[in-house]
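Only one chain is included here, represented as structure tokens and corresponding to the form predicted alone.
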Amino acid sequence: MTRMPKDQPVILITGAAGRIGSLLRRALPDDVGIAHHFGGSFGLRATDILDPGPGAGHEDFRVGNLADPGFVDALFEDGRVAAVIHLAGYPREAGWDVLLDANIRSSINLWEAARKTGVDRVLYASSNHATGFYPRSRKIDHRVTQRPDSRYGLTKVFGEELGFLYAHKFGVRSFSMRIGMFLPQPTSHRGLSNWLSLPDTVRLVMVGLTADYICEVVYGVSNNTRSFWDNSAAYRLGYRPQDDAEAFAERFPGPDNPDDHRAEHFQGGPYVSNGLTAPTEYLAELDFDTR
């Protein structure tokens, strides 16, 4: 455990051993704008259920399970956590026995600890699968009704709504990022629409840490020509993505799943068709419902 100066504000990153968490642990400590926002300096506190091995030497890393409220409370007990970047969770479709602890109980524990200790804001890694049942032909913004395409997507809706409740009822600012394809480069035709580059991820998180808002839902997506999403809420707060998946378009000239028309029709892709048993007319209704 790395010691930090007494009373220095702390940014807590959960799921810190994952791909996004590892990126942020490298990128945030050297950012002058974030340091200025936190009064000149800040520390990083990072946590994951997995031990990431040797760190960069500038962070307080704690291994534990966020489904354990005692462990979560200990992360906040010194009162120094000013902001949380909540990335932890099971990152794909699974049974409720997995998702209840990893994505729901852990989030409840985290927001409760933030409320009790006066944390200013929680940045939440939501997912494009919170709205995966919208057709690709429809460009959607932050104001649409969520349409989760999976149990996993539904847990992300739950996290967004936790953010709403704790912002408007308890004063903990909420910044929910519906993350698309987070990779160095897009790897599919669908990725030409929902790709989020590594540099643009850092840019979006910096907005979430420093902008003035109460409760916002934004899309974690680069400046893609073919984007499914109107990301005006993020732009209003100062997000300026620099990358466009169109640079990779020649690699993916056709559909990813030509024999799976439901996956190709909806924004959620294979998450929609995985386990799908609803009658065709139930799905057809989603093309005409504009809520």
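For clarity, every value in this text was computed on a predicted model and none was experimentally measured. Numbers for residues come from their place in the sequence shown, where the first is 1.
One more form of this protein, predicted together with a small molecule, exists but is not displayed; see below.
The listed set 163, 132, 191, 89 contains one residue whose heavy atoms approach the small molecule in the predicted bound form to within 4.5 Å, identified as 89. This chain is drawn without the small molecule; in the predicted bound form, the residue among 237, 49, 27, 34 with a heavy atom within 4.5 Å of it is 49.
Screening 149-157, 76-84, 202-210, 110-118 for residues having heavy atoms within 4.5 Å of the small molecule in the predicted bound form returns a single hit, 149-157. Residue 227 falls outside the set of residues with a heavy atom inside 4.5 Å of the small molecule in the predicted bound form. Residue contact check for residue 176: none of its heavy atoms lie within 4.5 Å of the small molecule in the predicted bound form.
Contact annotation: residue 64 falls within 4.5 Å of the small molecule in the predicted bound form, judged by heavy atom distances. Heavy atoms of residue 18 reach within 4.5 Å of the small molecule in the predicted bound form, making it an interface residue.
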